[in-house]
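The chain that follows stands alone, in the form predicted on its own, written as structure tokens.
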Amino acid sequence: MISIAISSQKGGVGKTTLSINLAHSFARAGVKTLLVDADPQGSVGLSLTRQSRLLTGFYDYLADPGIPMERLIVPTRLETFSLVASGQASDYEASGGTMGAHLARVRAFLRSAATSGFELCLIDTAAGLFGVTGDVITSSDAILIPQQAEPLGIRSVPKLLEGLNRLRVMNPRLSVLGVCLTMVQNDLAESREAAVALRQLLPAEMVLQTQIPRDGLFVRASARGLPIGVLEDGAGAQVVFDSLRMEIEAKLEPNGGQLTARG
């Protein structure tokens, strides 16, 4: 199983939208995918199932690793796509937010997910590189960094990458897939300029070519509890996430990662 943490320096960058729709794209391609909501706010669960606060989830497992994985996994209508909600003990992070405190349990969770037959685990984390998020990153094979295309956010990217370099001391195998520009508004000069500035700031291989636009369809999909590709008029937006998926697959292959569709 390949595990990918989806993390950002700050909230409000479209991280959960990216996590849900990227996971759905992999699942549509035949990859048995588990999407884990490791954000105590429970954004993934609230977006996809209104009963998420009642579900046993990731933070419940951190509090009690004796909980079997089958109690955590929530199937969806798509056979290859399953979820793990943040759980009822999502305030557990606040009581034990020291980085490293949950490292062994996060790693045990990922081993259990792999044993359950998943080929890919995408983990939507809380913003920042500390606490449980730091433990998730230091347990994962790779990290994807969503970044809103706006000037102030772009300036924070070097600081984020410095923090990741420190985490890679603890996890030398961590592959940084790159920064994915989100909420891009091509009709707004400041958004276009921020996107250009980021590409000038970082090496070319550090910024993914696929950009996620700001689109009202995302709001509508979330309101209905669906990935965007399931909407009647969501095919055009789905292409964006399929493109992102293929970029990520290409980046994983040189590092020994293999994600193969089930025939």
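If you're wondering where the values come from, they're calculated on a predicted model, not measured in any experiment. A residue's number is simply how far along the shown sequence it sits, counting from 1.
Omitted from view is the form predicted in complex with a small molecule, to which the following refers.
Hey, of 191 to 199, 66 to 74, 29 to 37, 211 to 219, which bit sits against the small molecule in the predicted complex at 4.5 Å between non-hydrogen atoms?
Looking at the partner contacts, the answer comes out as 211 to 219.
Identify, from the list Met183, Val179, Ile143, Leu129, the residue with a heavy atom within 4.5 Å of the small molecule in the predicted complex.
Contact residue from the list: Met183.
Distance check, Ser25 to the small molecule in the predicted complex, heavy atom within 4.5 Å
So Ser25 does not count as contacting the small molecule.
May I ask you to check whether Leu244 falls inside a 4.5 Å heavy atom distance of the small molecule in the predicted complex?
Heavy-atom contact with the small molecule at 4.5 Å: absent for Leu244.
Any of the heavy atoms of Ile248 lying within 4.5 Å of the small molecule in the predicted complex?
Outside the cut-off, so no.
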